[in-house]
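Given next, in structure tokens, is a single chain: the form predicted alone.
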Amino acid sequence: MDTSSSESVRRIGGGAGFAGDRIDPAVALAGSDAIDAVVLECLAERTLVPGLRARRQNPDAGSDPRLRRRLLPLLPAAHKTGCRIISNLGAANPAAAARQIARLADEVGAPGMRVAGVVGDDVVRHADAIAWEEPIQGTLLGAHAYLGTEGLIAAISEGADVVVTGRVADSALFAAELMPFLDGTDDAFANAVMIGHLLECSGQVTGGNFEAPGGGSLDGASYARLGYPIARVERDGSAVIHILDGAPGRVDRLTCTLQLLYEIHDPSAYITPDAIVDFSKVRIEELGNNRVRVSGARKVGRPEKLKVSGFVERPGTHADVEMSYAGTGALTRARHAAEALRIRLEYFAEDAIRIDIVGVDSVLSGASLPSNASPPEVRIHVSAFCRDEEEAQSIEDEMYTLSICGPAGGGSMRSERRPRVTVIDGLIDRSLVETTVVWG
């Protein structure tokens, strides 16, 4: 495949789809000379919370704790080929992340890289002006708006080799690289958002998390070295999705269609900060082995308000406790243990505690079908919202007590406690959200 750059094509790769994603596929993309930019989507609500807590303790903290480990191998590869890196690794502190990346670039022998931080998603100072979906009950740890492409495009136009930001719509991370290149039409704009959505989950569009109808999915060795996606984008926003030559993977109409519909409530109205996009007329054409052409997205509007996620610390703690039963009659003994726990913990409100058996009914609850064979081993699981540590300890004690007072053979116990943090969504007038580019 021709991977040379030209004025008629912009090439972008999806290098990470979540905070803990592999880094070697991104390094392979950046070092291949087959792309102009690689995007690492690394921020979700649950990964932003530790950053907020860290920043509260230290104003220079709050970026993704994996930042250094990720960029150590990626910066030299990108520096060598001139590939731009775009990521939301800044988490709760993009400005501090930009400074850290600039120092890291010097450390790894990639001097002169211009590192931009895009800030402005932190809108906690406007908390009273946000239309929350429910009242805030507890301590508001932070409030972050989903930014669009504006700040990212500004950083790119000013010559950033690395752009790091915080809470930005996932698709915008990709679309920002494409926007200045496109022909300026609404449909090209919509196609760029669509490409961002197709690439934002990295291996999920190249065969990961996919089970082919009738079989024929990848084997373990292929999953271990799965190729991550590349989009060769034309000025009208249409693109060819593929993987590096020789990389294991699967790119076809099915994998692209599934990713297109991923986390989409209404395919005719996908709401992003930059545009409301209609995917209902999208065309997905197979061009050959692991090559698919996509086109046909349409812009049908622009939201007046931006989504905000508020992170609320609530009193109490979340307790998770598990114990195993194995061997003959394991399921029967586990059910007796669960019954005993329900009786012993009946003082919990029904919606504050859940007791289930992993492997039997922990996912589907009452919808689980009966098995024809008794499982050789199961784990009984208790999850509860507790008023305080003492109450959480009582759950752990009750589970432990089963090891001497309950059915035979209970063991391999695990107990965890987590702070109670609730994510509450809201809407904010976009005029209150301003983005700024700072340099590392």
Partner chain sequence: MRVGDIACGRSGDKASTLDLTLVAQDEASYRLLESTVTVERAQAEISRAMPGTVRRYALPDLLALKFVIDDALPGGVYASLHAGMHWQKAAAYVLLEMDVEEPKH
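Positions refer to the first chain, counted from 1. Everything quoted here is computed from the prediction, not taken from an experiment.
The discussion below concerns the form predicted in complex with its partner chain, not included here.
Every residue of 213, 284 and 383 near its partner chain in the predicted complex, heavy atom within 4.5 Å: The answer is yes; 213, 284 and 383 each reach its partner chain.
Please tell me which of 342, 318, 126, 305 lies within 4.5 Å of its partner chain in the predicted complex, judged by heavy atoms. Result of the distance check: 318.
Could you spot which one of 257, 185, 222, 332 gets a heavy atom to within 4.5 Å of its partner chain in the predicted complex? It is 257.
Using heavy atoms and a 4.5 Å limit, would one call residue 402 a contact residue for its partner chain in the predicted complex? Although its partner chain is absent here, residue 402 would stay clear of it in the predicted complex, with no heavy atoms inside 4.5 Å.
Answer for residue 209 alone: is it within 4.5 Å of its partner chain in the predicted complex, judged on heavy atom distances? The answer is yes: residue 209 has a heavy atom within 4.5 Å of its partner chain.
Spell out, yes or no, whether the shortest heavy atom distance between residue 322 and its partner chain in the predicted complex is within 4.5 Å. Contact with its partner chain, yes.
Would residue 365 show up as a contact with its partner chain in the predicted complex if we use heavy atoms at 4.5 Å? Because a heavy atom of residue 365 falls inside 4.5 Å of its partner chain in the predicted complex, the answer is yes.
Among 148-156, 334-342, 69-77, 348-356, mark the stretch whose residues have heavy atoms within 4.5 Å of its partner chain in the predicted complex. It is 348-356 that comes within 4.5 Å of the partner.
Can you tell me which bits of 244-267 touch its partner chain in the predicted complex, meaning any heavy atom within 4.5 Å? Residues within 4.5 Å: 253, 254, 257, 258, 259, 260, 261, 262, 263, 264, 265, 266, 267.
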